[in-house]
Ligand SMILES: C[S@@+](CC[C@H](N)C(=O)[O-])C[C@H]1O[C@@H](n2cnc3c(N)ncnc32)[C@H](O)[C@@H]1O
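This document starts with one chain, in the form predicted alone, laid out as structure tokens.
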């Protein structure tokens, strides 16, 4: 899987937190708080956990706040450095385990006994086969103990900028094409991930809830927008539909308007709960 730096994850977290759809997050918390048929401590497994952004989102105060002593987190990632940072930040305040594992090996993931599987900004990187296999595992597990699934911030393929530039649409098409190359899980679903997950969970006996969760950025997010422009430029460089000079003009134009322009990047959040509950 493509690696991410601590700096990038920290840079995007404020935008991620604003974007998360609050009602769906509260519904996921409610599931954890109330659906525990075994009477044991609640367990959440966060896939692609990074430094613990999902844990932090669940820890914010709300009507569905969960006592930290009654909730255990299993943070799973392929990057040991990110997991070390997660332990540094939260090892003294939360019950947590960290698991450095290959996320593509679903059979090896520590899902047993979990009440909720979570992920943030992960599932647009994965393949259709990965989702089919994971949903099958959760469907089987739910026959013994119901397990829910919450995936936030799945890129949906929409990006809107102000002011407009003539190359905006061509850059977006090229970027979305890049989002569907192999990111380490097989051919990535990219913008199709949200709808694909919804279909698979629906036919597998889950109730599915979705919500839009766009990044909405302006000059106060200038560092993130600057990094996003650079990242998009790198991703689409070499696309045959974009000549080098035009792409450089787009990058320079976008960076010249970081403080005065706006950028909206579309995402969706998804919550899937077993129908039997």
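All figures in this text were calculated on a predicted structure; none of them were measured in a lab. Residue numbers count along the first chain shown, from 1.
What comes next is about the form predicted together with the named molecule, which is not displayed.
Contact between residue 78 and the named molecule in the predicted bound form is found at the 4.5 Å heavy atom cutoff. For the chain shown alone, residue 121 is a contact residue for the named molecule in the predicted bound form, at least one non-hydrogen atom being within 4.5 angstroms. In the predicted bound form, residue 53 approaches the named molecule with a heavy atom inside 4.5 Å. The closest non-hydrogen atom of residue 171 lies beyond 4.5 Å of the named molecule in the predicted bound form.
Contact with the named molecule in the predicted bound form, defined as a heavy atom within 4.5 Å, holds for exactly one of 196, 185, 175, 161, namely 185. Shown without its partner, this chain lists 117, 125, 86, 71 as candidates; in the predicted bound form, only 125 has a non-hydrogen atom within 4.5 angstroms of the named molecule.
Note that among 96-104, 162-170, 198-206, 135-143, the stretch whose heavy atoms approach the named molecule to within 4.5 Å in the predicted bound form is 96-104. Residues 4, 9 and 82 are all found to lie within 4.5 Å of the named molecule in the predicted bound form, as judged by heavy atom distances.
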